[in-house]
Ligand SMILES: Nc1nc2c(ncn2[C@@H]2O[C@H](COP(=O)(O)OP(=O)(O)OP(=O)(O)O)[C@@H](O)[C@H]2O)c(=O)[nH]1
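Just one chain follows, in the form predicted alone, and it is written as structure tokens.
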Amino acid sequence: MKVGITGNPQVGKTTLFRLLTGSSPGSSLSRVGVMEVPDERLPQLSRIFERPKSTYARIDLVDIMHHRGQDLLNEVRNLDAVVIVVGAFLGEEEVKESLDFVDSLVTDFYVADLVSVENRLEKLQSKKTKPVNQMEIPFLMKCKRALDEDLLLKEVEFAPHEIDFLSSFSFYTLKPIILAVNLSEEQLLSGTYPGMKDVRELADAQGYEVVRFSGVLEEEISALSPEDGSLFLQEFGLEESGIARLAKVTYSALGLITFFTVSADEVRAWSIPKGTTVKEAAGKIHTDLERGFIRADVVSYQDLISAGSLKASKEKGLLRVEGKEYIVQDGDVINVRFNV
């Protein structure tokens, strides 16, 4: 999965990119990085299994350079979600300009999707090309009706056979949008900021997730030890950083869940889409595991924590043997049995 960060100039999008990827100010010219997704379950599993290494689930991030027009659309095309930074710390006028940016971007998304659908329909109806199958034209007409009614395609309910068509188009209005509101420390403490009502109204109307953070505060926290950083957050009445909350919200917006594996020296978190079978999840670990899949030993995180150990989970009948059609649940701890 790949997520882009964009917004008006000077709102803190590159700062946010650096914070999420853990890169230093001196490396800010790098536009591509990796974000680790915080997960409180991983340290607990490492403790139970006594493994020295913990590897978090990751998402690729892109700091989008272009701010408007076709160049921006070209950068967004192959992304799975977009984080738009709103510069509330700069005052009410900048919030208004940031929301205008959001409206402009979404309008471009609508237009691009409508043009894509209409061009494909024109080619099919004029016999310039052949449909993938007899259901393609009804699918495209359904998309066109939705877009004509100002509906995001992510708001449309598609039948299972139509999902396959969606993967053939890089539709923009399918992409989740997250608003990352960059506050000053004073705004974070007060719990309010200029234009907050407008941000909330837009988010509610369009189904956008909103995460508040303070770039200044987050940079201070990043320079502290985890213990000191936690104490610093408590002064602001926060249990976790805005960066951690944004990472989790982005992960959820992408429709991802986490399963865990345990090797000789590592407990590792893996990200997969909801609805993934255990055989497909095995392929995420290594293609050989999917190809030679036999079965999987599965225990849920909560059952494992409750039992206290893998051995106790077995004794209590909490460890299950699942076949290839089992749908992985968030928090499953999985050991794949295979033969190649």
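From 1 onward, residues are counted along the sequence shown. Please read all numbers here as calculations on a predicted model, not as lab measurements.
What comes next is about the form predicted together with this ligand, which is not displayed.
- Stretch-level contact analysis of 195-203, 118-126, 182-190, 98-106 against this ligand in the model of the complex, using heavy atoms and a 4.5 Å limit, identifies 182-190.
- When this ligand is considered in the model of the complex, residue 215 lines it closely, a heavy atom lying within 4.5 Å.
- Taking the partner from elsewhere, residue 328 is found to have every heavy atom lying beyond 4.5 Å of this ligand in the model of the complex.
- Taking non-hydrogen atoms only, residue 9 approaches this ligand to within 4.5 angstroms in the model of the complex.
- By the criterion of a heavy atom within 4.5 Å, residue 15 is counted among the residues contacting this ligand in the model of the complex.
- Out of the listed residues 314, 286, 295, 67, 67 is the one that sits within 4.5 Å of this ligand in the model of the complex by at least one heavy atom.
- When you look in the model of the complex, the only residue of 89, 260, 251, 165 with a non-hydrogen atom within 4.5 Å of this ligand is 89.
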